[in-house]
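First structure 1, then structure 2: two forms of the same chain, each alone, as structure tokens.
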Structure 1
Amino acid sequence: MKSDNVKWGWGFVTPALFWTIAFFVVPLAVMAAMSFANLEGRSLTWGFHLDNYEELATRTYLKRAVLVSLEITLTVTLVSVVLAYPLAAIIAFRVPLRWQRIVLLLAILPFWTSYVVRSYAWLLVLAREGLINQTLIELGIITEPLTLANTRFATVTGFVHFFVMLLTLTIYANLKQLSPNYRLAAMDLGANTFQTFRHVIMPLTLPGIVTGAFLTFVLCIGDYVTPHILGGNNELTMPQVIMVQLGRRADFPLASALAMVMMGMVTLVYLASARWLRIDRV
């Protein structure tokens, strides 16, 4: 009987396993091997060469792309957490239960719009003749339009608009799992609202924050569309530099090396998040 269950289990797992190997493990292995190859003219030489990684460490524009990607990603993650937590708390504790589903539905509306449409919408809002500049001029706050589009500010704004909703959902799910007795017990022991939040609510909802922050980091650092449209190529990120290497130079080894560096960053953040969650639960 046990062997039959094992066979049934492998029968269900095998398709997903083959799919993962074919479309994740194999491409990743090919990309890793490509990162150690050399491009001489139009000829590709396979082998174990560190030239691409040495170029990443010495070329200023490549190092700058890595730094810009990290700065934008960390800024977006931090701002999204700061904005998402109060929003999730308001929905979980202040909005009546019968209205919460409608509010959550409104919160996930950005997920229904494609990246391209959403990015171009923000580009129109932030343009020199856009809604923000026109409103500020009409109110007499400024006399000349501000340069908001094609800047890092525009890129961060476009990202935050999307990821704050993702974090809101993960934090909301944690908040709804908390028993009201925790807050009541803390208040009964003399804790005020801030102390209850700091010592009870926040520690119990950190898993939701860490999970949402990790998802934000992964999706943000690998995004090409939003920085390309809203950033205006004034500051190139790693995905943009990868596309330049592929589209203009056909330098697949250097592009693979950049992609492996980005995968390494994501892996380190994942390991740190997983280790923190294990320590926190212990």
Structure 2
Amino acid sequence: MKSDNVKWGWGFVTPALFWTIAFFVVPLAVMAAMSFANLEGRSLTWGFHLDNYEELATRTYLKRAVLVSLEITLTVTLVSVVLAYPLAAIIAFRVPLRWQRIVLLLAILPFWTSYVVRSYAWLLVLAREGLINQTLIELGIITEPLTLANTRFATVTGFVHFFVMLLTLTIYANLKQLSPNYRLAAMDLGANTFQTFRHVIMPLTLPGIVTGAFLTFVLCIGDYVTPHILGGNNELTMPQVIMVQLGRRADFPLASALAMVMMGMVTLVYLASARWLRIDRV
């Protein structure tokens, strides 16, 4: 029986509600208003100006950042799903049951180092004088070091490293929820391994894949650290441009407009995948 003493109920909920409104809803509303403000030199005029959005649509380096972010995020999401699915399937179906927990724990373990250090660690591997180049030169496969760091390849590698782990966990959880009877029934009816996967397992795990992919998209498109450490300054992503606007130029309106575009993109992807999303089951 729930109590309908509304006064007490509000008393319990209000502090959390106050915090969320004061430090999340209000700042986002101010940020939205800021994106329509106008910055002339040092003076800011509030109002409904579309200048910032016009700038986004016309300035090449801003348009480029939106495009770069989208390309990187889509590549990372696709590659991570394709690599993680077999890994999750192998752990779920090939590894003996009592080892599965250990294998998953071992897969998560390296991600317990600091978040900034994780990108730095990839720099150790990919740098000009780093592990890969030195090893390849030592083996006589190459004579000149390859340019691996400060490229889009490095950014994508850093991201994929993290998201393969995340997606392996979500897809593994999904595969384990499936009753083995589905697989056995398909096999009994004469389907081979591939057909069973294509027509039975894959469709049943689609909600889990979409949820994981959505999570990857959201976390990847908003990340500043990985592209900044690994990608360098050759091409900037949206979060990098936002930080440039905040730092060097103190152009809060333009940064806000970019943030609004980023939120808009996440909302669009959410609406497109809402049909399959099971956020509550992650």
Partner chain sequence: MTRSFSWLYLAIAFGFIYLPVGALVLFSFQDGGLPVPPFNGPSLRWYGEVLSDRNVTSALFHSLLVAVGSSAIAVMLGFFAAYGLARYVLPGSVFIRALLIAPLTVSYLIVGLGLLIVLTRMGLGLSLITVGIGHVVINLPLAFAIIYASMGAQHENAERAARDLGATEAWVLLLVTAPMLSPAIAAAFFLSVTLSWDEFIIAFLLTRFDITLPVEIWSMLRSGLSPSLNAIGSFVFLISVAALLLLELTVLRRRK
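We call the rigid core whatever largest set of C-alpha positions still superposes within 1.5 Å between the two forms. Structure 1 provides the reference sequence; residues are numbered from 1 along it. This is a predicted model, so every value here is computed, not measured.
- Where the criterion is the form predicted on its own, structure 1 meets it and its counterpart does not.
- Superposition of the core reveals a Cα shift of 2 Å or more for T14 between the two structures.
- Aligning the rigid core leaves the CA of F24 displaced by 2.8 Å between the two structures.
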